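What follows is one chain in structure tokens, specifically the form predicted on its own.
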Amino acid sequence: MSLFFSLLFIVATLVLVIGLARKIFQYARTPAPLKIPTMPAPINQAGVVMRLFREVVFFESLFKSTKWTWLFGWMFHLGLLLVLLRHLRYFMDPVWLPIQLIQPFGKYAGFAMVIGLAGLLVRRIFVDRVRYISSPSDYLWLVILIVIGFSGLMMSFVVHTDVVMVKSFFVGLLGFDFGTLPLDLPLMVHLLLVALLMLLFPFSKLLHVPGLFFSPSRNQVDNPREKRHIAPWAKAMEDQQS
């Protein structure tokens, strides 16, 4: 079983890294032939940076749209960030001081993560206009993330697993030294679903994470009167004709 998880996480990491790099490269090369920033839009590059900062950190446009969705979405993403930072201790030895300080917050952030996900799932089920545009994969991703969070909370507060052995396994895996995992059911479920998430992430709607930075409606300056906007491919054709 330990060998299976070792190979699974090696493959999942390769798929995640290569798949994300490929998608980001594709986003970066996709032309934006029109000026389509969502109004009110910034009129200089510094304003674009601040707009993206507010969008990434505070979910500004979602807050203006619907407060309940913003609340549950922000709870989930903030909880997920703290949980991920807390999990860095399993991949480093010694553990950096900032990661040590965040441990108590990351432990209880799992509750915020699961509550936020549950709220988003209830929204998809009971809000008519959201349910109408939801596909089966939308529900599946929420369920997978909820089970990942719930199984993690189970290991923290109910059925404790041997975290020293888990850390030894993953630190060794970084050097391709296959170790042994404790055979606890919550841990097996947790790791299996995390690996599944890593494998499917580059091909799912979850790619809104890097995609936000390449969205023309968010990353463009509102200066069509001051400067003519022309996509690189169109400029190349124009140069050839001239």
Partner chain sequence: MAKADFETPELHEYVDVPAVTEGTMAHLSPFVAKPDHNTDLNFPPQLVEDWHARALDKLDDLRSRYRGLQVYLDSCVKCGSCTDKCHYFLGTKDPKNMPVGRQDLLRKVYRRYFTFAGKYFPKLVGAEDLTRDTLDEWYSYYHQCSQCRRCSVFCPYGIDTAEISMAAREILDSIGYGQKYCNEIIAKLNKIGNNLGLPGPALQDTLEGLEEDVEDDTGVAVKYPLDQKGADILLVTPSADFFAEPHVDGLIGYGKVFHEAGVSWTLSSYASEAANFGMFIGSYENMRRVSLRIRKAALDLGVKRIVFGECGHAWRVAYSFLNTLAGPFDFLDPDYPVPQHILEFTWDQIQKGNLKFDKSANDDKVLTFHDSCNVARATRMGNKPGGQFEIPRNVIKAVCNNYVDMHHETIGERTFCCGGGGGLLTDDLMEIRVKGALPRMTALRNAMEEEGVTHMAAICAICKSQFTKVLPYYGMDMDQIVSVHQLVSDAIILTGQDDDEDGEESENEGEA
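Whichever C-alpha set is largest while still superposing within 1.5 Å between the two forms counts as the rigid core. Positions refer to the first chain, counted from 1. Since the structure is predicted, the reported quantities are computational estimates derived from the model, not experimental observations.
If you look for the form predicted together with the partner chain, you will not find it shown, but the lines that follow are about it.
> in the predicted complex, which of 120 to 128, 104 to 112, 153 to 161, 82 to 90 comes within 4.5 Å of the partner chain (heavy atoms)?
Replying inline: One stretch meets the cut-off, namely 120 to 128.
>> Would you classify L183 as touching the partner chain in the predicted complex, given a 4.5 Å non-hydrogen atom cut-off?
In response: No, L183 is distant from the partner.
>> With a cut-off of 4.5 Å between heavy atoms, is I230 one of the residues that contacts the partner chain in the predicted complex?
In response: Yes.
>> Taking any heavy atom pair closer than or equal to 4.5 Å as contact, tell me whether I133 reaches the partner chain in the predicted complex.
In response: Result yes; I133 sits at the interface with the partner chain in the predicted complex.
> Should G179 be counted as a contact of the partner chain in the predicted complex, where contact means heavy atoms within 4.5 Å?
Replying inline: G179: no, not in contact with the partner chain in the predicted complex.
>> If you apply a 4.5 angstroms heavy atom cut-off, which residues in 1 to 39 are near the partner chain in the predicted complex?
In response: Going through 1 to 39 in order - heavy atoms within 4.5 Å of the partner chain in the predicted complex - the hits are K23, Q26, Y27, T30, P31, A32, P33, L34, K35, I36, P37, T38, M39.
> After the core is matched up, is the C-alpha of N223 off by 2 Å or more between this form and the one not shown?
Replying inline: Where the cores coincide, N223 still shows a C-alpha shift between this form and the one not shown that is 2 Å or more.
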